[in-house]
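The chain below stands alone and is given as structure tokens, in the form predicted alone.
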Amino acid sequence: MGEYMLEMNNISKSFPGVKALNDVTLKVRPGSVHALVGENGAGKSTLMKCLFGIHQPDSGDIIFNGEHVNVTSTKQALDLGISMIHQELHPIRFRPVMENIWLGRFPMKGIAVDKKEMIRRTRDLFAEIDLNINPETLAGDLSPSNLQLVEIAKAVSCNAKIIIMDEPTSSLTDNETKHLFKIIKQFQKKGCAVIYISHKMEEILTISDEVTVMRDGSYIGSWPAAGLTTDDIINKMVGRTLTNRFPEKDSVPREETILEVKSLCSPLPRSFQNISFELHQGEILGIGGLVGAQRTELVEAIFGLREIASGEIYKDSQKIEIKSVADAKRHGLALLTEERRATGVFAHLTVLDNTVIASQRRYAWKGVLSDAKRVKAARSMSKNLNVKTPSLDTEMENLSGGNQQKVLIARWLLTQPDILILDEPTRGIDVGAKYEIYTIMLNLVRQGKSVIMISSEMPELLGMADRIMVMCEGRLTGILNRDEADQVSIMRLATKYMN
């Protein structure tokens, strides 16, 4: 096999209107964790999809275990010992966890599926990686973090020699991330290699042996992780020195209260209870808390997506009733949801359709849509938000995560909201795209609009919010002003009611 388990040499790949990969090289040693980093759109996922058989490269060669291979399907990749855990999970939600794991490889007894054997194998597999989930639980009933761990279990079940992990911790807690790192160490002891794609610099420096940097579809270089710092990696990724992670905030919220929530309660006893807060005009109100804090459930209820048992909502000092998304939009609210792929992006529709879909009525006369008006609105918003796309006719699935997120923000800005609710607005996107989204947020508050931002990233809350409201297990545990908030005070409030 030689020094490397995997060599990808001079890989190039083009799609209509864009060259995604240009002469890229990647070399991975056995038993190593090799981090693959770069801004959104750098080509990381495309390169891995070429390795996993989803795309076929236009040129270049792949050497695996010392042999040239031409990977033309995901089945062939799995047969070779190459497995991939995708950033966006697509489980079969109405089938049990065990069926999701063994799909296409069910244990059989004659012509029938051997259910008892499948349960036994799944339990053994979960025991191997210390995962406490009932094999017969429906996949749709699991949290995003547990679904991610199940995907990792599935990769283990394939006896993979190389496991590609694309943003594996994007929905994991700190403890679950530590658990993942233990599993990765187990892989390494067996001589397996992990290709680790992440935007979290601290994780990369903690878990990786080597780091390869890509930029704009090209290979920049590979370095031992031990000799790198966070700033080194970021500078190599963006091709410039990034001195500030957050743009300078130059506007001050006004005293006027634009939104007031009083004693809001969910009908579900384990969800949010007795939540009261105010949002001021021109303010960014951050909402912090750990997994299970019920932050998403709260904002979805305010936006009409969940039932409210009791409590009141006031907009501009007037009591309003929000029982549907239409009600929320009519009152000037907009919500960017947490799970971009599941509840935001229409992957096979164009950038144009995704941009204008929430405001279609504005472009119609007597029930007939005007394409010219739709294109004009989408083109103007794409320009304002610096959406990088070959054209408005490009399908959304071909855009990077950061550009998809900007299209979704454009969608809601076209509804002309007074209040924009952003649930994990920068999850899974790179430092450059994050900075652009932060700039969009600051431009909005300069215009007098208000932003509610849920974030699990402590630096983001501290760097962007005027005030930080912290929740724990469905209860509001405190609201901190910008000048009194730090990581310790937020974490203290985020764990206040935990047993």
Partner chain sequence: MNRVQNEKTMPREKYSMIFVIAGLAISVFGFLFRYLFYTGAVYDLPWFLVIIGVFVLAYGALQYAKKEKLGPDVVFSHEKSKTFFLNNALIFALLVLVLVVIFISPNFMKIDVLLDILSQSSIKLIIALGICMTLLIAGPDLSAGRMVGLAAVISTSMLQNPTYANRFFPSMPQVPVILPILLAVAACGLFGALNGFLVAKYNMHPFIATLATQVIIYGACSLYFDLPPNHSQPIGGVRNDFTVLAQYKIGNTISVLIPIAIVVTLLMWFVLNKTVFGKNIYAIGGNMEAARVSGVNVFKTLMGIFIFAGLLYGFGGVLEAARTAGATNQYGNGYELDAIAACCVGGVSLAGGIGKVSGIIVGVLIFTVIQYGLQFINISPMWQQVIKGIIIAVAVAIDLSKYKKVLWH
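Positions refer to the first chain, counted from 1. Computed from a predicted model, the values in this text were never measured in an experiment.
Another form, the form predicted together with the partner chain, is not on view; read the next lines as being about it.
Residue contact with the partner chain in the model of the complex: Thr337 places a heavy atom within 4.5 Å of it. Shown alone here, Gly110 lies farther than 4.5 Å from the partner chain in the model of the complex, counting heavy atoms only. Contact annotation: Lys329 falls within 4.5 Å of the partner chain in the model of the complex, judged by heavy atom distances.
Not displayed here, the partner chain is approached by Arg411 to within 4.5 Å at the level of heavy atoms in the model of the complex. The partner is absent here, but in the model of the complex a heavy atom of Arg374, alone among Arg295, Lys406, Arg374, His199, sits within 4.5 Å of the partner chain. A heavy atom within 4.5 Å of the partner chain in the model of the complex is found for exactly one of Gly104, Gly227, Pro269, Gly367: Gly367. Contact check at 4.5 Å (heavy atoms) against the partner chain in the model of the complex: all three of Leu305, Thr343 and Asp353 pass.
Annotated contact segment (heavy atom within 4.5 Å of the partner chain in the model of the complex): 344-352, selected among 91-99, 344-352, 269-277, 110-118.
In the model of the complex, the partner chain lies within 4.5 angstroms of at least one heavy atom of each of the following residues of 379-402: Asp393, Glu397, in sequence order.
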